[in-house]
Structures are given as structure tokens and as C-alpha cells.
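So this one's two forms of a single chain, laid out as C-alpha cells and tagged structure 1 and structure 2.
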Structure 1
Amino acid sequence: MSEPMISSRWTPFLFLAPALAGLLIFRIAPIGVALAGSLTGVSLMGEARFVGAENFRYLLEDAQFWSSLKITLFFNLLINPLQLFVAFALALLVFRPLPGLWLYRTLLVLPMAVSTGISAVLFGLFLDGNLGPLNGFLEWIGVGAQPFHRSQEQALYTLIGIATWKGAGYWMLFLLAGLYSIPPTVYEAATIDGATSWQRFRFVTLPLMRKPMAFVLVADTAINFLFFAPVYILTSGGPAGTTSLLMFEAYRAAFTFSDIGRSLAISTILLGIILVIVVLEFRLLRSPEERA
């Protein structure tokens, strides 16, 4: 009997090699480049030079950076719980047997088929003050036309609405899978014990959905901190800087002011914030058994 060409000990690594190579090239290496670039500056002659923590010191003294940081944190403080709540409500809705359920599910996941950039363009037309159908409807019912993304008071909330429309259906699929993974016998046992619908939801569904909800919240947080396309297309950080999220500031530093060091320093700080918040979310969402 011939010896196998490759030891079975190395077989798992061979199957994982393409994924590990992609992770190294497209994830870890860019992080290393960003960290190194945040410590460099470019002279007027175009030569890169090591400047240490100078880019970070300039950022900490920059009022625009602190304003963008506050807007970014406020944006995520609102949108992450909102998207999780909407996605979970939709998952509970389509989890029940309803007539025409396939149609509801198709409509809910339809935003996934539209790219973020195209959805921003479509919303720009939909919310237009002159030709937009939504403002036409609001005027018809007597509310009056709204400026939406052109208003300092409404622009950030308009972006939150667009992001929620785009992402809720996607996150709903993960939560729906979590609902289907709950054994029906658990609900049967609770019903036999006399639990009401609310008690089954409170003491069975919510505890068993802790891990799917934690995954959605953590992944959603990482994505929303990098929210960019609708800001670039609809508001360009305005009006008056009210939608100038950190990701947009990093883009503007690099491609408007050609300050690569500042852009990479903002990206590095953004990465650090995401890591800290994700670790906190994991710790807060652990079950009592995992905390013990």
C-alpha cells in the first residue's frame, strides 16, 4: 500500500491556506501599512519621512477631528441598537407562518441586492425637495416638504434611516436563523408549564437569542463605523459638518488635502475605537454562565 503524498496532519492547513492568504493580504497587511503610514509624513518634495506620533498630536489639537469623533460616536450610539431592534422585529414577523410569506421575505432582503452607492443615489432622488415623491406625499397630507439630507437638524437622521433600510434585512437573516435553531420542544415545555406568549418570549426566546444578537451587534458596529458612501454622495459631510463622520474625514484628508499621514492616523484611531467597543460588547453580552 503506497504512502499518502501529504501527511494528514497538514491537510487542514492546506484547505485553510487560501482563506488565510486572503486574510493576510487583504486584512492584516493593510492594517500594518496604515499603522506604519500613520507614523510618517510627506515633505513638500513628496518624500516620506518618519514623524513618530506627530500626526496623532495634530489630530488631538484639531477641533474638526473632535467634532467628527463626537458625530461618529453619536451616529453609532443610535444606529446600532436601532438596526438590531428593527432586524429582530422583522425576524419575529417573518418567523411566523403567514400567507404570502415568501413575498415579505423577498421584499425585506431586496435592499441587499442594491449597492450602498446606488441606494444613496436612489434616496437622493426619493427625498429630493422638488421632484421627490416623499415630499410630494408629505405636502399632500399637509405636513409640508422636508429638507432631509440638506438640513443640519435632519441630515444625520436621514443617513441613519438609509443605513437601517439597507442593513436591517441583511441582519434579519442571521436572527431568523437563530430563531429556527431554537428547539420547538423548549416552547412546548414552557406551554405545558403555563407560560403565556410574553413569558415564552421573555424567558425562552430572548435568552436563547443572546449569541445571534451579540454577533449581529458586533458585526453591525464594525460596519457602521466605516459608513461612507451615502455621506460622500448625499451630504459630503455637510451641511455645516453635521454628517462629517470619521471615515469621511479620513477620505477627505487623503484625497482632498493629500495628507496621507493624517488620513492613516484617523484610520488607525478608528480601528482602535472599533476594537475597544467590540471587546466591550462581547463582555457585556456574555451569558451569566460564561461570566462565571
Structure 2
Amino acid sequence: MSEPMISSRWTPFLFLAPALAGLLIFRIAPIGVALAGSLTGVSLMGEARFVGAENFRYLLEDAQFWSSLKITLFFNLLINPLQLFVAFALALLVFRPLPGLWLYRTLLVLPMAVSTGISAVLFGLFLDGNLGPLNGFLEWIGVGAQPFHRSQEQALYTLIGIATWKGAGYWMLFLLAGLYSIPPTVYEAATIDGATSWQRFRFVTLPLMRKPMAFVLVADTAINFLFFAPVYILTSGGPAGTTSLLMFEAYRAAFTFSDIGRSLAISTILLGIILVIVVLEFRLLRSPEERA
């Protein structure tokens, strides 16, 4: 019997205490604060009074909020499938052995080490209309200089491009893990049955990649709903509000307009959206498991 071994009943809890305290105080408690704060009118100076659903009512009556919500949804509708597609293409390219592949892999994941804010500064310079080489190149080949993040038409797409430059290599790693987990015997069996390489991809790779692709799509979505640093650094929500994503609106409510209640109401709505996504994620991840 190993019973007396675990005589120290409290030992596991002593080992767990620092980490669990950290998670409870700094991850779980803020969710409660967001909920409670969204129901009060709190100024930055800290006076609070209960206002019930008033913050939410104001939000729902506010055209600015609806426009931000629409932009946030549109942004996510574009960026998440795009990043999944690029990451999957990269994973397929670096999956099978090739001499010198390690170098390409390292270069493709390198932007992981460049922080999001710095990547925004970097592209602010790289795309600049006066000194950015990309515009020089575009003029040189005759396309002509582009305004990028400084124009209403291109700002949101520029942000999507920068985020994809930064994120594709990271998501590629998860899909690569998925590709490695497909047993080679499945491919061999398909080849013996006479499947062409397209058929192997369509009927073996794609269905077996469902779980990692679902993981990437949903985790990526949860992150992109909270897209902030490049908006703050490059566009401040502009030009003409075309990049006013909700996370930036929450920041602006708190720090420009000193309206913590409104800010926490936006945070609560974002938390709600992400909660739905996480639940969806667990669902998507579970169903293929049942077959296995």
C-alpha cells in the first residue's frame, strides 16, 4: 500500500497555492470585476454608484459602439480564415524533409520573437510614404505608392497584413504538429489503393487535420477579438473610425473619456464573445475524439 507515502495531506495544496492564488486573483477575479464594474458608474477617481444595465443600454443606443462591433466582426471574419489558410500552406511547405529546411523554418517563425507593438512600429516605417522601401518598390515597378494605414480604404487591411506577418509562423507550428500526428501507414494504404496525391490530400490529410485546424481557428479568433497594439500605435482607430476595433474603444472609454463603466461594459461583451468561442472550441475538439 502506498497509502502512508501520501501521509502529508496538505503537501499538494502547499505546492499548488502560489500558482492557484495567482490564477484566481489575476485571471479569474478580473472577470467578476468586469461584470460588477459594468453595472456601476465608476469614474477614474474611483467613486462608484450602482447603475444596473445603464452602461449596456447606453452602449446599445450608441452608433459608435455598433460601428466598432461591426468593424470588429468584419476584421475577424477576414483575418482568422486568412491566417489559418496561410499557416496551413506554410505547414504543408515545411512538413516533408528537404535539405536546408531548418533554416526556412527558423526564418518563418522568427516574427514570434518580435513583439506585436514593435512589429507595428516596424511596418509603420517600412510602409511609410516618405521613407518606406515598399512604396519605393511599388513606384519602381509602376504600381505607384500606396497610403496603407493612412487611408480609410486600406487601413484595416494593412493591420490584417501586419498581424498575419507576425502570427502565421506561430499558428503554423500547431498545424505542423497535426501533420506529424497523422500515421504514415494511412498514406501508404491510400497510395496502395491508387489514390493520387490530390486525393490523398483531400480524403486523408484534410479530414485528419480537422482537430488542429479547429484549435488554431478558435484560439486565433479569441486573440484577434482583442487586437490592440497596432491600432494604438499606427491608426488610433482612424482614419475616420475605420479601424476602431472594440478593444481600442474599451481603452479609449477608460483613458480618454474616464468612463470606466462603459469600458468595463465593452470588456464584458468581449469576454462573453470569447467565452462562446472557447465553449465552441471544446465542442469542435471533442467530436473527432469520439471517433478515435
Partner chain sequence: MEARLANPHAMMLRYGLLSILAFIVVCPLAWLALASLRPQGEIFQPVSEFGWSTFVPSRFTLDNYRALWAGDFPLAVKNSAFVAVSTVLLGIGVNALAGFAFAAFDFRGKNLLFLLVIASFMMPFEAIVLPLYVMIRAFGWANSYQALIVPEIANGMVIFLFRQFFASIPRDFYEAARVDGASWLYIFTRIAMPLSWPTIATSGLMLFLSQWDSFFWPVVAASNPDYAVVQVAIARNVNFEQSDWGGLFASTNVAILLGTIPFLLVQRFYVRTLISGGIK
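Every value quoted in this text rests on a predicted model; they were computed, and no experiment measured them. Between two forms, the rigid core is the largest collection of C-alphas that superpose within 1.5 Å. Here, a residue number simply tells you its place in the sequence of structure 1, counted from 1.
Shown first, as structure 1, is the form predicted on its own. Treated as two rigid bodies moving between structures 1 and 2, the chain carries Phe95 and Ser181 on a single body. Relative to the larger rigid part, the smaller one has turned by 10° between structures 1 and 2, according to C-alpha superposition.
Here the rigid core is superposed, and Val279 then shows its C-alpha moved by 4.2 angstrom between structures 1 and 2.
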